[in-house]
Ligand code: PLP
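One chain comes next, on its own, written as C-alpha cells: the form predicted on its own.
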C-alpha cells in the first residue's frame, strides 16, 4: 500500500506522522472521504471545495488543491482497486501539547482502502446525544470524531449500521457519517443546513436530482415517515428498513427506489458532477 504524506508517495510501513501532530494531540484537522471507482474519484471537485471551506472554518491555511489532486492521482494509480475509500486528511501539523498551533505548517495525508458496495437497506438507531447546531465546528468535516465513534458503537450494539442525532431543539439532524431523508406523502424531505448537519456531497446531489425539500423536521418524524433513507459517499442512497424498534418492511419503498436509481444513473454518467 502506497500513501501520500507531505509531498511524496511512501510505503505504508514507512509513512509516519509526528506524535506531536496537532491532528493527533487535539483533533485539529479536517478530512474528506471520496469514493473511487476503478481508479477514478467521484465528485472530487466538490470534495476539494468542501475541504477548503472546512480549512477556513478551522483557521487552517487553504490546502494546495493542485497538490491534493496530484496526491489523489498518485495514490489511486499506485493502489488499483475496483471500489475504494480515498481518505484525504489535512491537519494543523507539528505543534505544542496544547490547543495553540505550531508554525511548521500543515500535514497532508492521502490514503486508500478497498471497500465493497453497501447493501440496499440497513437499520439505524436514534441516540440520546445531540448535535450542537450553533457550535464552532458545525458544518465542518473535522477529525474531532470521538462523538461519532461513541454513537456508532451504540448503533452496533443494537444491530444497526448508523446512529441518528437530533439537535439541541429536538429537530432531526444527521447520522454519524450520513445525511438522512424522509418521505412524507410522496415528497422527499431532508433537514436544512441550519439544523447543524454537514453539507454532504451526496446529500446535495440527491436533493438536486430528486427535487427533495429542505424542511425543519422533528426527531419523531422517524416514527411516522413513509420511507427513510441515508446518503453518504460510500452509502450512495441506502434505504432504512428499521429505525429503533420500528420496522419498515417494504424498504426500499417506491420513492426511495426511484432516488436510488436516479443517483446510480446520474453518477455513472458524470464522474465529477
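Remember, it's a predicted structure, so these values are computed and weren't measured experimentally. Positions refer to the first chain, counted from 1.
There is also a form predicted together with this ligand; it is not shown, and the following applies to it.
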Checking 95, 84, 177, 106 against this ligand in the predicted bound form, the residue with a non-hydrogen atom inside 4.5 angstroms turns out to be 177
Discussion item. Since only the chain is shown here, I'm wondering whether residue 122 would be in contact with this ligand in the predicted bound form (any heavy atom pair within 4.5 Å).
Written reply: no
Is residue 52 close to this ligand in the predicted bound form, meaning a heavy atom pair under 4.5 Å apart or at it?
-> no
Taking this ligand as it sits in the predicted bound form, is residue 188 in contact with it (heavy atom to heavy atom, 4.5 Å or less)? no
Determine whether any heavy atom of residue 167 comes within 4.5 Å of a heavy atom of this ligand in the predicted bound form, and answer yes or no. no
Only one of 140-148, 76-84, 122-130, 95-103 has residues with a heavy atom within 4.5 Å of this ligand in the predicted bound form, and that stretch is 140-148
Residues in 198-218 that come within 4.5 Å of this ligand in the predicted bound form by at least one heavy atom, in order, are 198, 200, 201, 202, 203
